[in-house]
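Below you'll find only one chain, the form predicted alone, shown as structure tokens.
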């Protein structure tokens, strides 16, 4: 796109985010002068117009320009008096004819699912790609494996089947559908089927009822890639498992790619036959976890841009610090923030977003904005990881119930850091450490604080070293 097309797209986005009066007053004669590297120069017809955009609209302008040209990081403004007598760059937008002027067009090269006759797939949504999946340490290996599988070369054969596991709402479905889209992008003639365990089971039940099991078998054995989500729900379904086992053998023998996802690794699946679990684990098994603070912050910024939601840095950091369960929770928070903004016309603040968190998770402690920006400790899991590494003990033992001093001491160190750094309540700390009673937490903190006050005890030194490792003052 040239600069005029870019600016038209930006204006279209802005017209949906601010009032019609504001839009006409401040943007009617403004132009995008140029884009160079990571900087964009905006021309304004008057000094007042320039000052107003710089002070009131710079943030929303940058967000919407980046939605069109992601490379732009900085905005500059200048006065061009010649614009005072100019006409709008796109009159249709300002005349209320935006929809006609921007009639949706078919996206070229959008992946389409091509299937053999009689083969059906659930819709593979084009919004899920491997390119727009935000990668961090918690999911880097899974993303790399999916990228390798999409190549469908010699390396992909080493990762067949590919088994991805992790908790609810951590991005497994995005990875699976993104892989399907990438395979189709590189080979539009590939036959790719994405389905869920529930749909697969329902089809088998229907095939048995209608006496069409042969048709069912032929259907799933004519694909180039079979992707099944949430296979843990095959538990106890013997006939379904038997059909999947035989389908697996046929596809594997012919070198077809198979991808599974579940909430736990194959070895921990219950109610699944040993022979099927064994085959699921033949290739590569990788996990996805809740991303760390920095990755969550990057995801928030990307999703906010996609939603045309302008958030201040303090609000972004606050959300990143308080999302502790899943990425679905994160997306839900952003949707509620957007809805409240649309309904009240009031930009989100840390206080207003905090109220949303309290409604969704009333028993959780809320990390302050100050805590959101300090160090690497953004959750109890972060603290447990650092403390376990420092004392060279398993994190599972810190979370466990062992009364050995080797584990009790670092466990109580964790409690103190959760209290002081994350501002967690006694109840929240107890819940994070396996449902311990708040009085147990209080007693443990009292013992650690007593050790800290003793001049010759090493506890104070340990705490100082751990805080330093966490990047805390």
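These numbers were taken from a predicted model, which means no experiment stands behind them. Positions refer to the first chain, counted from 1.
Below, we turn to the form predicted in complex with a small molecule, even though it does not appear here.
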(message) Looking at 257, 322, 179, 139 here, can you tell me which has any non-hydrogen atom within 4.5 angstroms of the small molecule in the predicted bound form?
(response) 139
(message) Give me the residue from 215, 71, 168, 81 that has a heavy atom within 4.5 Å of the small molecule in the predicted bound form.
(response) 168
(request) Would you please decide whether residue 331 lies within 4.5 angstroms of the small molecule in the predicted bound form, comparing each non-hydrogen atom pair? (result) yes
(message) in the predicted bound form, does residue 219 come within 4.5 Å of the small molecule, counting heavy atoms only?
(response) no
(request) Indicate whether residue 132 is a 4.5 Å heavy atom neighbour of the small molecule in the predicted bound form. (result) yes
(message) Is residue 303 part of the interface with the small molecule in the predicted bound form - any heavy atom within 4.5 Å?
(response) yes
(message) Looking at 199-207, 323-331, 241-249, 276-284, which stretch has residues with any non-hydrogen atom within 4.5 Å of the small molecule in the predicted bound form?
(response) 323-331
